[in-house]
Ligand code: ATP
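Take a look at this single chain in structure tokens; it is the form predicted on its own.
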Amino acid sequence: MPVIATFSAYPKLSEPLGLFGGTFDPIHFGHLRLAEEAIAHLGLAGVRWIPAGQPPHRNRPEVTAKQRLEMVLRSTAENARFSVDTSEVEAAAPSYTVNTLERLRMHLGAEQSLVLLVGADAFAGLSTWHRWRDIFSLAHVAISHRPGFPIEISSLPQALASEFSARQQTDVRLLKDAPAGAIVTFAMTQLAISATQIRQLLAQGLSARYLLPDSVLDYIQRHQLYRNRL
């Protein structure tokens, strides 16, 4: 059965808790592998998935928030270290990361180590996010990147590069020594899969099998999602 996060069921953990937010339109094996490898590389107690209700940084998703949530629930159901936070989908407001982190802090406490998981491309745009500097007072940030392609400070906006230089830690064991504030990076298995690619395949009536879990693909086919969008 899918694990839906209820805060009363999550006392303070001895290990850091990973947080993985996104539109997941749809969720695919690239997302799932990132979360799985983050647990191993960063010593996380688990990963809490946080599907966005109304993502403010991209066009309106092609399917409803509840449909995207259902796909996340289906794809994470068999992993005991995955849980799903439904609050952003249930809220009728834009899903700003800093607001989500403030809400989690209120429920999980000030001492729990939280680790926000982001890809390298998303991190490069962090300085455009709402109240982005406040994120570091609420969580650590862990950046996944392609093997052999570490984060290039020179490619980041100046303000973000300064934060990266000041906060970067190479020893991920330090994540559990403080609740927030550090930046770490980790290389993950490169899977050339994107939600855009999957949507385009489905819109053309082509197969997307082996790019996302069968449980998600079956749900998409049953409800005829992403069809006739071209």
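This structure is a prediction, so every number in the text was calculated from the model and none was measured. When you see a residue number, it is the position in the sequence shown, counting from 1.
One more form of this protein, predicted together with the named molecule, exists but is not displayed; see below.
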**OP:** Quick one: find which of 172-180, 159-167, 200-208, 30-38 has residues within 4.5 Å of the named molecule in the model of the complex by heavy atom distance.
**Re:** 30-38
Subject >> Position in contact with the named molecule when the complex is considered in the model of the complex, options Leu126, Leu73, Ile135, Val118, heavy atoms within 4.5 Å >> reply: Val118
**OP:** Heavy atom within 4.5 Å of the named molecule in the model of the complex: which of Leu191, Val63, Ala45, Ala187 fits that? Just give me the one.
**Re:** Leu191
Original post:
So, in the model of the complex, is Ala91 in contact with the named molecule at a 4.5 angstroms heavy atom limit?
Top reply: no
Original post:
Just to confirm, Ala122 within 4.5 Å of the named molecule in the model of the complex by heavy atoms?
Top reply: yes
**OP:** Examine Pro213 and determine whether its closest non-hydrogen atom to the named molecule in the model of the complex is within 4.5 angstroms.
**Re:** no
Original post:
Heavy atoms within 4.5 Å of the named molecule in the model of the complex: does Arg146 have any?
Top reply: yes
Subject >> Within 152-174, the residues that have a heavy atom no more than 4.5 Å from the named molecule in the model of the complex >> reply: none
Subject >> Shift in CA distance, Pro147 and Leu42, in the model of the complex relative to the form shown here, given it is 3 Å or more >> reply: farther
Original post:
Knowing the Cα distance between Gly148 and Lys176 changes 3 Å or more in the model of the complex, does it shrink or grow relative to here?
Top reply: farther
